[in-house]
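Here we start with a single chain on its own, the form predicted on its own, put down as C-alpha cells.
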C-alpha cells in the first residue's frame, strides 16, 4: 500500500486553477516535487496535509482519508513555504507550545524541543524572540517544528529557502538521515540541483498538473532537450562566433551589438562549455561576462509543453 495516495485531486480558487486532476501514489523514502513558482506545489502539499479541502478527488495517507482526520496529524510534520510564527514568542516557547498541542507533557515537550533545537543548531538562540531571527534561523526553526514530534511523514515546502550554502548542506544531510530511518518525505523546490542532491524520485508539476514522474535520469533527459541560450560578453564576439557556428550542437548565433555580446543557442550546454575555455585561450579573447538568461525551470517547462 502506498503511504500517500491521491485520486483525481483538484482544487480551484474562484476562476483560478490551483491543481487539476492529480492522481499519484507516493511510497516511503524521499520524493522531490519540482516545478517553477506558481506551479501548484504548495496547493498540492496543503491538500495532502488536510489543510485545504479539495473541490474534486480524494487524498489518503496510509489508506485513511486526511481531511478532518485528526488522528493522522500526529504522524505528519509540515514545513510551510511562508513563515507562520507568533513573532513575540521565543523559539523555545514556540516549539514547546506546539508539542503540548500534540498532547506531550510539559517535561516531554521541553525535552523534545531541546533535542530539535540542538539538531538545527538553534539551542543557543532559543530564548530570543522569533522576530529577531534572521531568515536562515527562521527557516531552521520551521524544520525543528517538523521533526520535534518525530513524525513518520515529513512534508517540506521549499525548506532550503533563505539558507546559506552551509545551511543547505546540513538540512539536506538531515533529510537523508531521516530517509534512512524509514520515514516518508516529500520535498518541494523550484531548483533542480537541490532536489537532485536528495533523491532520484522526482515529480514534475506545472500549471497545476503533473507533467512527468520518474527517476532523475528520465527527468534529466526531458530537461536536457531544452535548448539553452548563453550570453557571452567579450572582446571579439564575431571571431568567437566563427569558431562555433559550424558545430552541430550550436543551433543559432546572434549578436547584441549594443552590449558587445554573443548569444549562442545550444542543445548541448555541457559540450559547449567544455570547448569554450580552449577556444577563448587559443584566440586570445577576453571575456567580461557569461550568463544564461533562460536558465530557469519556467523556460524549460514552456519549451517542453510547446513540443
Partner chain sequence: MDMKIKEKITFFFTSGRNVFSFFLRLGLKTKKTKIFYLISFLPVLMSLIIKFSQVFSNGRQIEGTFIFSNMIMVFYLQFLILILALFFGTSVCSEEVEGKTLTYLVTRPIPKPAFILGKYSAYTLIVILMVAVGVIFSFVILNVDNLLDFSRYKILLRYMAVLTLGILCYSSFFMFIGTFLKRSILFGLIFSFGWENVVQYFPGSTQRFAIVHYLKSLLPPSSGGRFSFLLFRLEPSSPGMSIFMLLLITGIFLVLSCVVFSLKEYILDD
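Quantities reported herein were computed from a predicted structural model and do not represent experimental measurements. Residue numbers count along the first chain shown, from 1.
Note that the form predicted together with its partner chain isn't included here; everything after this is about it.
Among heavy atoms of residue 242, none comes within 4.5 Å of its partner chain in the predicted bound form. In the predicted bound form, its partner chain sits within 4.5 Å of a heavy atom belonging to residue 52. Its partner chain is not shown here, but in the predicted bound form it comes within 4.5 Å of a heavy atom of residue 80.
Using a 4.5 Å cutoff between non-hydrogen atoms, residue 85 counts as a contact of its partner chain in the predicted bound form. Put simply, of 103, 215, 134, 177 only one has a heavy atom within 4.5 Å of its partner chain in the predicted bound form, and it is 103. Taking 119, 172, 191, 98 one by one, only a single residue has any non-hydrogen atom within 4.5 Å of its partner chain in the predicted bound form, and it is 98.
In plain terms, the part of the chain that comes close to its partner chain in the predicted bound form, with a heavy atom within 4.5 Å, is 67-75 out of 181-189, 194-202, 228-236, 67-75. Contacts to its partner chain in the predicted bound form (heavy atom within 4.5 Å) from stretch 5-23: 11, 13.
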